[in-house]
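Just the one chain here, laid out as structure tokens, in the form predicted alone.
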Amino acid sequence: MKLTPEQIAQFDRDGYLFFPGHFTPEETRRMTDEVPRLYEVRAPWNVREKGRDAVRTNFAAHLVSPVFARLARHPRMLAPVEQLFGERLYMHQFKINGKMAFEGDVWQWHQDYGTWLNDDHMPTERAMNVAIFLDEVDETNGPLMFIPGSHKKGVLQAGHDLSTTSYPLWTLENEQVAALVERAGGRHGGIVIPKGPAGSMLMFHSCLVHASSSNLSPWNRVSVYLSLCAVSNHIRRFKRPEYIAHREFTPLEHLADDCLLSAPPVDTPWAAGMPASALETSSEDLDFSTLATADR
């Protein structure tokens, strides 16, 4: 998959690209069928909604599930990001966000790179979010909301919200969000909601301001979120556990385009359980001066 010049210009202007129906119903079903098995596990990598049993986000499924290990290496996802960065990628973060019917809580207005900068000391915003819908998304089931063009403002001042939900975020003040929305067009395009069928894919800039409301509908909105980082831009601090911010900087190798259906063998190093080392953290920046660079 290769982006057209028009798509590249659109991404530069708006900060996101949307590909409805990017994965076939059968490919999407292979992924959807894996989710209940992952969500039922009582483990640190399953963060549940505040005061509820519903899973808010599942981390590191690509290290546990062969299906998601294949998705992590899918060329329909890797190729366009590599094209934009001009560099190979590693997986900084892999999440399956639940936003379950009647129980999915809000995700406050934020930039993902703000968290990666503050918590992980990622040097620059050369990282991309890719979201894949496992359910149909419409305006009723807590969809993502973007402020188009907000990535052009760079890293914005944010506060560390430790109380609103079960997962801490570096979030923006209401006044900041209102100003960004007005700048982007106010009620006439200042907030956009990409909607589409299961299997649709979103690519969005790590500085794009986004949020989602709670899901009060009777329909789930489960999505996979892959945060792909340029290898040269790897994180410098391991303040967060490895299941949240990964420490393997080896470039991801492309599988065949039909990999979700043909099911080639893949490595799933945490299938038998998360290693104890994955919980070790450090507040100090690490010395990566000897990190091998031959494969970059």
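Small disclaimer: the values here were computed from a predicted structure and weren't measured. The first residue of the shown sequence is 1; numbering continues from there.
The next section is about a form of this same protein that is not shown, the form predicted together with a small molecule.
The stretch from 75-83, 148-156, 205-213, 190-198 that comes within 4.5 Å of the small molecule in the predicted complex, counting heavy atoms only, is 205-213.
Contact check for Y225: a non-hydrogen atom falls within 4.5 Å of the small molecule in the predicted complex.
K99 belongs to the set of residues with a heavy atom inside 4.5 Å of the small molecule in the predicted complex. Contact check for E125: every heavy atom lies farther than 4.5 Å from the small molecule in the predicted complex. In the predicted complex, D120 stays away from the small molecule, with no heavy atom inside 4.5 Å. Only one of L144, I132, L172, L71 lies close to the small molecule in the predicted complex, with a heavy atom inside 4.5 Å, and it is L144.
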